[in-house]
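Single chain ahead, by itself, as structure tokens, in the form predicted on its own.
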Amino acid sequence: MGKGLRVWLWISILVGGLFSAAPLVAGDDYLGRGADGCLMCHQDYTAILRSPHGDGAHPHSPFAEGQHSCESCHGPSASHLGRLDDGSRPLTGIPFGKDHPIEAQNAICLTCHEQDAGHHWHGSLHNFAEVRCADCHQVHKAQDPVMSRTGQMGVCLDCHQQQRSDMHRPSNHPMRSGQMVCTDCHTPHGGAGPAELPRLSVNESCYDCHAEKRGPFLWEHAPVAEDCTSCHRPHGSNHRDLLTARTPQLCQQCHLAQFHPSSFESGAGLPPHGGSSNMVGRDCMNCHTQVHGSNHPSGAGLTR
């Protein structure tokens, strides 16, 4: 018997033994058998065995005893082992890909994650935008990048390009340095407030970190109580303190002629052609230091 024939015979015996000893039948218990059959071809996904989804000791894992491992998410897929007449393989019972119904794919994830990720998902911005769970999550990896503080922003910013640009402006929240991540302010599966914020309003979300701005104050600055984004750009700005415009022009959008010299500051009062106190230093806030509100009896002008 030639050497090539002997090798082919051994391969036939081994492959035949594998599928006769562990037939991949739809609904069969995949633990230890089905997964091995899948990973024989899908070797790039072996890291799932080191992930929460592949933890056989966890009772809710797809690989737990009594579950169907790969088929728990991909559906009955015994036909996927064979080939069609044209040589291609049939799709898995529930295919995950951009060409297949998004609702059906997300419904599989929500069968287990309805109580956490699904709590606000239905009606969320990502849901309306027809984002698939698999667009953000990589469940076959040992560590899903979006669940890591070091990998999360890279995933979010693939779609949110405007926020990526804002983060590189001179004044920004410390996200590029890793001190903050997107989920410190946003709940991507849906939130109670606008822009998927966890609180009912922008202000309540900001107060989680900026509690000193909460008040209530004896003398309130109306825009502060209404919406922080009236004056601030949360992801980054070309102006100090994340302001939407340079002061005093920002202030004069509302305060051009009320209880104050009403000359419009155009920038001509800057050195070396002058030194207007309304243009240098902290300009308006040279005097109005308590711009977010004051509790001082004489603080009607937010000067103390």
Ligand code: HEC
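Start at 1 with the first residue shown and count on from there. Owing to the predicted nature of the structure, the values given are computational and were not obtained by experimental measurement.
One more form of this protein should be noted, the form predicted together with the ligand, which is absent from this view; the next part is about it.
Among residues of the shown chain, residue 223 is one whose heavy atoms approach the ligand to within 4.5 Å in the predicted bound form. Taking the partner from elsewhere, residue 212 is found to have a heavy atom lying within 4.5 Å of the ligand in the predicted bound form. At a distance threshold of 4.5 angstroms between non-hydrogen atoms, residue 84 is out of contact with the ligand in the predicted bound form. When the ligand is considered in the predicted bound form, residue 50 lies well away from it, no heavy atom lying within 4.5 Å. In the predicted bound form, the ligand lies within 4.5 angstroms of at least one heavy atom of each of the following residues of 119-136: 121, 125, 126, 129, 131, 132, 133, 134, 135, 136, in sequence order.
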